[in-house]
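Okay, here we've got a single chain as C-alpha cells, the form predicted on its own, with questions on binding and movement later.
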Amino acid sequence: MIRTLSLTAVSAFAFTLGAAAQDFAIVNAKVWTGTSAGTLESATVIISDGEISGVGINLAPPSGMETLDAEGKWVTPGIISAFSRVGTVEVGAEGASNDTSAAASPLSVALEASDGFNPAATNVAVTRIEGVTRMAVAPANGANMFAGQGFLADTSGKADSVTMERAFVYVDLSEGGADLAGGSRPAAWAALRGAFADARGYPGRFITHNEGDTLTRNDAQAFGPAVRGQQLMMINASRASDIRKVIALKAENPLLNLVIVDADEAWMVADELAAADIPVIIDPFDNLPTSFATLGATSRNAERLLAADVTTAFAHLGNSGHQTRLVLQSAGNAVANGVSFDDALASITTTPADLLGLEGLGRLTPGAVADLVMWDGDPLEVMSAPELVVINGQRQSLESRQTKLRDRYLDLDESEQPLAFKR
C-alpha cells in the first residue's frame, strides 16, 4: 500500500524527517529534469539511499514507500550558486564574524576560505530555504589580487557540509585587482606572470629564500595546481579588453582551467570566448554601468552569451554573503530579457554543476544525487517559494532565524509584551 501525503502535510513531512535520509517518492509533479528528457508532466521522482532511483511518467513507486503528492507543482534539481560568500561572513562590519579576507596576512593564494566557514551561520539557512542546495564559496581579496582558495559546500548546515576544500583559486584582474597590484592593469598582469613563474619554479627557486618574484613559498606551492590546469582558476574581469587578455592567457597556456566572473562586457567578445572554450559566471541583474570597466553592461549580456554558445552560469554577485538566494531572481530577469526558461534554469543547475565538477548534481535522472526542490509556483517567479528542499536524499528544515522572528512577532499577544513595549 502506498501512503500519500498532501501538500498541506509537506512542512511537517520535511521537518520531522529531515534528520536522516529515508526512501520516498514524489508523484504527480511537473519535473524539470535538466536532461534531454526536458520537462515531464504528471511525473514521479523516486529517491532511495540518497540518490534518484527513478524519474518518469506512469512510474509507480515501490509498494509501501512514503509518497508525497505534488499536486502538479514544479520539481527541479537543487539550485547551485556558482559564486557566493555564504557562511564566511555574518556581520560584514564586524571583523570577528567576517572571514572573507585577510588584508594583514603575508599569505594570499595559500589562504583557504573553508577554514573560516561556519555551517551554522544564519545566512546558510536563509539561503537553503530559498532552494539553493549547493554553492561555490569564494574568498575576497585582502592585501593583493590573489584572494586564495575557494571551496564547495552544501547548505544543509551540517558540520560536514564542505564537500571540496580547495575547489578553485580566485584571482582579481578587475580594476580592484589592479589597485591592489600597484595601481594599474600593467602591474596586475606583471604580478600574474611573476606568480606563474613562482608556481612553476617551486620548489627549486625557493631553496635558499622564502620570496619569489610575486609569491611567498607557501603561496607558490598553493598556486601550482591551478597553473598546471589541475585546479579551476576563477578570474574576475569585466571590461572587454581585460577579458581578451584572459583569452590570450589561455591561448598561451592551453592546459589552464579558467572561468571568468562578473564579465559585464563579455557579450562584446562572446564569439572569442566560445572559441577559447572559457566559461563565464555572470549576474544577469547587472545591467547598469557602475565603473569605467562596466560601461558596456546590459540586460542582454546573458542572452548574447548563450546565443554564441558560451558556457554561462548565473550567480547573484551583489552582497554575495547574504543575498546569494537572489540567483533565482537574476535568472528570472534573464528570461525577461531574452533567455529561454530552460537555459535560465540550466544556468543555475546543470551548468554550474558541470563547471564546478559537481558530478551527479544539477539533474534529475537515475543515479543522480538526490538534491531537489519542490516549488509552490514557477521556480523563476519572484513570488514562488520552496515547499520541500532535499539535499543528499534528506528533507531539510524550511526554518531560519528570519522565519522564527516572523512567526514570533506576526501574531504577538500584546497582553504578554515586555514592559518596554507598553505605552
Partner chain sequence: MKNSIWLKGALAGLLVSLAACGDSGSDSEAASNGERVEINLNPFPSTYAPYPSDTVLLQGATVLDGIGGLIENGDVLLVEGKVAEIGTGLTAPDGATVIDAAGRWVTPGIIDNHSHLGVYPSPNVDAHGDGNEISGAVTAEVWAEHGIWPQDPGFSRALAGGITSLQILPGSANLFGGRGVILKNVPSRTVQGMKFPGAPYTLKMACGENPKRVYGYGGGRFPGGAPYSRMGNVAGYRMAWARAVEYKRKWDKYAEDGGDPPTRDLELDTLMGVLNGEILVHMHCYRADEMAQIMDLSEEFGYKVTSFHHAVESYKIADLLAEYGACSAMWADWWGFKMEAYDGVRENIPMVHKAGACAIVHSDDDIGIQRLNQEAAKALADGRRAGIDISKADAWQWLSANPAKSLGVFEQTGSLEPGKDADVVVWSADPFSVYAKADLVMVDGAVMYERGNPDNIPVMDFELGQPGEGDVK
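None of these values were measured; they are calculated from a predicted model. Residue numbers count along the first chain shown, from 1.
Unshown form predicted in complex with its partner chain; subsequent notes refer to it.
*in the model of the complex, do I129, R325 and D378 all put a heavy atom within 4.5 Å of its partner chain?*
Every listed residue reaches its partner chain in the model of the complex, so yes.
_Contact residue in the model of the complex, chosen from G92, G182, G176, G194 - any heavy atom within 4.5 Å of its partner chain_ = Exactly one listed residue reaches within 4.5 Å, namely G92.
_Partner-contacting position among G157, G212, G332, P279 - heavy atom within 4.5 Å of its partner chain in the model of the complex_ = The residue from G157, G212, G332, P279 that makes the contact is G332.
*So which of 199-207, 160-168, 269-277, 283-291 is the stretch with heavy atoms within 4.5 Å of its partner chain in the model of the complex?*
Looking at the other structure, the answer is 283-291.
*Can M65 be called a contact residue for its partner chain in the model of the complex at 4.5 Å between heavy atoms?*
Flag for M65 set to no.
_Please determine whether A102 contacts its partner chain in the model of the complex, using a 4.5 Å cut-off between heavy atoms._
Although its partner chain is absent here, A102 would stay clear of it in the model of the complex, with no heavy atoms inside 4.5 Å.
_Partner proximity in the model of the complex: A385 to its partner chain, non-hydrogen atom cutoff 4.5 Å_ = Taking the distances in the model of the complex, the answer for A385 is yes, it comes within 4.5 Å of its partner chain.
_So in the model of the complex, is its partner chain close enough to K245 to count as touching (4.5 Å, heavy atoms)?_
So K245 does not count as contacting its partner chain.
*asked:* With the partner left out here, which residues of 289-323 have a non-hydrogen atom within 4.5 Å of its partner chain in the model of the complex?
replied: In sequence order, P289, T290, S291, F292, L295, G296, A297, T298, S299, R300, R304, N319, H322, Q323 come within 4.5 Å of the partner.
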